[in-house]
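Next up: a single chain in structure tokens, the form predicted alone.
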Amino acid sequence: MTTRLFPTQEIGSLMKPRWQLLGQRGEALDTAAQTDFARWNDVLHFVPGDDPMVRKFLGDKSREVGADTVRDWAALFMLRYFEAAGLDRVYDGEARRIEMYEYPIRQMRGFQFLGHVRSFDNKYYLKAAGTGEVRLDHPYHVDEFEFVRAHARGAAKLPITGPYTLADWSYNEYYLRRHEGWKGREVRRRAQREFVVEIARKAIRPTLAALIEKGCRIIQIDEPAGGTHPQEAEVVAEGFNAATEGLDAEFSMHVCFSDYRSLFPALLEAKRCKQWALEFANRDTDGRDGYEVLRILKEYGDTREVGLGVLDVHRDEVESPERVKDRILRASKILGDPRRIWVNPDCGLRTRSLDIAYAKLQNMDRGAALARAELAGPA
């Protein structure tokens, strides 16, 4: 575990390289994909260049290589990508996942997929309805974590989609149907709480327990839906508590693009949350300090760690190290204790090209070093 000031991490997924998408489908790599694979391998050395399987892959024989091997290479690519950028905590950039909703829902019973809906960034995901009691087929992400742990040079972490988001992004039929009479606001609220807690207890918690048994000590619970219904912030916290009850690991909660003042103090009831991984850079503009909202933690006396968003994931502009440093130091001053800060992008960088994301992460690490040096003072 790192002890340096302002350690760095990523908190979301990366764009999947074209060579991965083509290779997983068994399609021949086009010139652009071949060039991209070779270029990044020259930088990161994620696979041996003289490996016969690599030569097959680049020689129009991806079907012979197989989808599983391609996924392994993609996971290694993401690991080396984060490590080379200088991050202290690493994982595989969710290289093996379809996306953050559909995959976990597919591991559970009590759901029926209905069709695709469009998400905020013009992507689509397959949406399901909760049609029966939630049951877990088997814990998931375990093989994924074991691969990361076996190959990571830095501290291995794992992100997992939280129970509130899985419930909010699904249609709640079964738990609503159990309430008789008029399905007014209060009844819907109770049914939603039941849905969240059942997912937490019967699917998320067994998965977390299995991951911890395999040695996973750093787990990020993603709740992007947490900010969309601030009146349900206490349900987000209740789901977090039900998922983590009695488990021994370092848990963080990631909520992004929210009015954080509307979520507190209810969110503070997430008892086992050690770190709030939040977004700030997106709102930090000329004439507006995006980090002032951190004062709410001081107002409520909360002293937990903060995963500090210093990179805007919606813009190609690469933040300078000096700008990152300034954001870190402003936040440190507000919090009053720089040791509480972990440095990260606002969210996952999957909507940016891999080149832009890499440049952003490198400058994030350099900016953290500048902030570290400034607080240390003259040698």
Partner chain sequence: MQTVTSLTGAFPRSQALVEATRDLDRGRTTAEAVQELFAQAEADVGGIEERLGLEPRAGGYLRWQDLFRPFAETWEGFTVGPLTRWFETNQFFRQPILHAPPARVPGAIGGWLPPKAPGAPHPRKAILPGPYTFAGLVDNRSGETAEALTHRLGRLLGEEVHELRAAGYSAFQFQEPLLVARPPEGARAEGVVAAYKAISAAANGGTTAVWTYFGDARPAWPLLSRLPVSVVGVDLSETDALELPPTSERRGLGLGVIDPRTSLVEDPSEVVRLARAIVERHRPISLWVGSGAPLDLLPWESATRKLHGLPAVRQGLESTDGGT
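If you superpose the two forms and keep the largest set of C-alpha atoms that fall within 1.5 Å, you have the rigid core. Numbering follows the first chain given and starts at 1. If you're wondering where the values come from, they're calculated on a predicted model, not measured in any experiment.
Same protein, other form: the form predicted in complex with its partner chain, not shown, and the subject of what follows.
State yes only if every one of Q9, P48 and G154 has a non-hydrogen atom within 4.5 Å of its partner chain in the predicted complex; otherwise state no.
Spot residues vs its partner chain: no contact at all.
What is the one choice in R304, R106, H229, R71 with a heavy atom within 4.5 Å of its partner chain in the predicted complex?
Comparing distances to its partner chain in the predicted complex, the residue within 4.5 Å is H229.
Just one of Y81, W169, Y140, F111 has a heavy atom within 4.5 Å of its partner chain in the predicted complex. Which one?
None of the others qualify; the residue that does is W169.
Taking the partner as it appears in the predicted complex, which of 240-248, 73-81, 255-263, 154-162 has residues with heavy atoms within 4.5 Å of its partner chain?
Looking at the partner contacts, the answer comes out as 255-263.
Indicate whether its partner chain has at least one heavy atom within 4.5 Å of a heavy atom of R366 in the predicted complex.
No, R366 stays farther than 4.5 Å from its partner chain in the predicted complex.
Considering non-hydrogen atoms and a 4.5 Å limit, does its partner chain approach G181 in the predicted complex?
Heavy-atom contact with its partner chain at 4.5 Å: present for G181.
Check whether E269 has any heavy atom within 4.5 Å of a heavy atom of its partner chain in the predicted complex, and answer yes or no.
The answer is no: E269 has no heavy atom within 4.5 Å of its partner chain.
Even though its partner chain is not shown here, does A150 get within 4.5 Å of it in the predicted complex, heavy atoms only?
Contact with its partner chain, no.
Given a 4.5 Å distance limit between heavy atoms, list every residue of 96-118 close to its partner chain in the predicted complex, or none if there are none.
Residues within 4.5 Å: E99, L114, G115, H116, V117, R118.
Is it true that G287 shifts between this form and the one not shown by 2 Å or more at the Cα, once the core is aligned?
Where the cores coincide, G287 still shows a C-alpha shift between this form and the one not shown that is 2 Å or more.
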